[in-house]
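In structure tokens, the next block holds one chain alone, the form predicted on its own.
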């Protein structure tokens, strides 16, 4: 499946959610569907989206947090799965788009291209709910169920190694930081 089709399928479910995503193809494709102040495009911190999402989920337990990750990013911070499992925030959904490559930085193959099983690693680390989704429809079903529940969930979704035509985003990333902070402060004040 194409990641853009996967994102299109789940985008409506992200409307009232806090979303943290890695930079590169995932961020550029998400941005094309429409930016929201609660979307944070994490730059210059490959591997840290899940860690940041965990911190936000723990700090704002009444709000659903969705992390959009990639296989290369997750592999750079693989220990995050055991940390997620340790704290088990029920308001965190971790979606991993696995294209078996570092597409955004040249397309070099990742360990998943030779058999590393990210869903299996998440299970072995103790993540309580781990799913795999290979179609946009299946991904949407899994996302809807995870967001309706109160269980830490990781969904690994295999996608083709195809990126956007352009990585350009009209939103300056510094402004994104300020918007995101203001949006989280507003959520906290409403609690």
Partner chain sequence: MPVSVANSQLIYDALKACDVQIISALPETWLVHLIRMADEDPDMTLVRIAKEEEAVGISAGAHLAGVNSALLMQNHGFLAAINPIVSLALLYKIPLLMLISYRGHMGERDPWQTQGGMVTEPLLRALGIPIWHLTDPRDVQRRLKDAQTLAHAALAPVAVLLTRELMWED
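Residue numbers count along the first chain shown, from 1. Since this is a predicted model, take the numbers as computed values, not measurements.
Another form exists, predicted together with the partner chain; not displayed. Remarks below refer to it.
S.K.: Applying a 4.5 Å heavy atom distance criterion, does residue 37 contact the partner chain in the predicted bound form?
M.R.: The answer is no: residue 37 has no heavy atom within 4.5 Å of the partner chain.
S.K.: Taking the partner chain as it sits in the predicted bound form, is residue 45 near enough to touch it, meaning that at least one heavy atom pair lies within 4.5 angstroms?
M.R.: Yes, residue 45 sits close enough to the partner chain in the predicted bound form that at least one of its heavy atoms falls within 4.5 Å.
S.K.: Would you check, heavy atoms only and a 4.5 Å threshold, whether residue 145 touches the partner chain in the predicted bound form?
M.R.: Residue-level check for residue 145: no, no contact with the partner chain.
S.K.: Using the partner position in the predicted bound form, report whether residue 85 sits within 4.5 Å of the partner chain, counting heavy atoms only.
M.R.: No, residue 85 is distant from the partner.
S.K.: Can you confirm whether 97, 120 and 124, the three residues that make up this candidate site, all sit within 4.5 Å of the partner chain in the predicted bound form, judged by heavy atoms?
M.R.: Negative, none of the three is within 4.5 Å.
S.K.: Please name which of the stretches 153-161, 24-32, 131-139, 53-61 has residues with heavy atoms lying within 4.5 Å of the partner chain in the predicted bound form.
M.R.: Looking at the partner contacts, the answer comes out as 53-61.
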